[in-house]
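There is one chain below, alone, in structure tokens, taken in the form predicted on its own.
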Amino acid sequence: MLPLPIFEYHKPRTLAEATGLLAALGDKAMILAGGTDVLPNMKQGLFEPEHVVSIAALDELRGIGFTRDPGGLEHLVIGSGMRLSEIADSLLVTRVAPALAEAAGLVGGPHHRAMGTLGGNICLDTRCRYYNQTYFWRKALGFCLKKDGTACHVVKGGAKCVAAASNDSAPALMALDAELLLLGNTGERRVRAVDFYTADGIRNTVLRPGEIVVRATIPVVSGRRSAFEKLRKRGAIDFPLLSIAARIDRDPEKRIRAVDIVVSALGARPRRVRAAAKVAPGAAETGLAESLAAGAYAECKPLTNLDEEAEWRREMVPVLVKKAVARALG
């Protein structure tokens, strides 16, 4: 059994206290929400914080409800401290953002969803077959670009880490036009989910040191439907080998207004399928799933950063895209 390293544990009572503490501790601290990924990674020597700041008990990060912006548009608001199981079971989320409810319901196993939070999943570390191993395994290999080493074992000679985004909520939030509220010691800022992730497997989000994801806001759009599909070796526990979020918007006459498809678990950042953006308003539904599946297949080229064969994962791209689009079309 791998033991946890020694660290000092902090449990702030308010969000302001948490951000102040994180600012004071700097890069010596790490945020702990549900702990389902942080703690195992600490045991493997991937994270080595001197301080752990728990935000699990902050009521300010809780809640699911509706709000309206100054223009009168309604939004679904989900606190980052909500458990994944709560999001999966929420009738509000299921009605407005079914892709997110489905994604939350497919994270890990029941015990992961009972502890893991939306904010933790949004900020989940990228994964790689050469990185997510014990210290002794990684040392025998000579370490890697992401941790303790200088070489990428996926892309020989590569100067950038290509560990894969593995957070199921990310493609769903991107496809649903979600906005994230971030709070640090210097104030708050709002970032669209599509702009939150970067192509750097070491630091794949735009989060600044000490910032906390407070909530996700999703616009309530009439005529919008969405769906999520996930590929993994087993029906539970496993991280995704591929994940797909599809969104279809229809006008009052039931004609297609817009389409968005986000593919993830291939590289450090979830990617929007360009073929979806090319679908013209009023396009016919007949053959749409097939054409988008073909477009996604042409665009997506998985790397050998996860355990299963990259070619098999690529062959599964059109299969899952077709299923997700077909379900979103209803």
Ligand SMILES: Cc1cc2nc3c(=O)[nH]c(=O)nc-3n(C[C@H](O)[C@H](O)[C@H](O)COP(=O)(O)OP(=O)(O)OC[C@H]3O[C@@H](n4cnc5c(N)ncnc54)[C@H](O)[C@@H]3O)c2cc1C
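Everything numeric here is computed off the predicted structure, so don't read it as measured data. One rule holds for the numbers: they count along the sequence shown, beginning at 1.
Below, we turn to the form predicted in complex with the named molecule, even though it does not appear here.
Remark: none of the three candidate residues (Glu229, Ser264 and Gly295) comes within 4.5 Å of the named molecule in the predicted bound form, counting heavy atoms only. Residue in contact with the named molecule in the predicted bound form (any heavy atom within 4.5 Å), chosen from Met174, Leu242, Cys123, Leu180: Cys123.
Of the listed positions (Ala258, Leu207, Ala88, Leu76), a single one reaches within 4.5 angstroms of the named molecule by any non-hydrogen atom in the predicted bound form, namely Leu207. Remark: Val213 counts among the residues lining the named molecule in the predicted bound form, judged by a heavy atom distance of 4.5 Å or less. Within 4.5 Å of any heavy atom of the named molecule in the predicted bound form lies no heavy atom of Ala276. In the predicted bound form, no heavy atom of Gly63 sits within 4.5 Å of the named molecule. Contact check for Ala101: every heavy atom lies farther than 4.5 Å from the named molecule in the predicted bound form. With the partner omitted here, the stretch from 216-224, 166-174, 184-192, 91-99 that lies within 4.5 Å of the named molecule by heavy atoms in the predicted bound form is 166-174. Contacts to the named molecule in the predicted bound form (heavy atom within 4.5 Å) from stretch 96-127: Leu106, Val107, Gly108, His112, Met115, Gly116, Thr117, Gly119, Gly120, Asn121, Cys123, Leu124.
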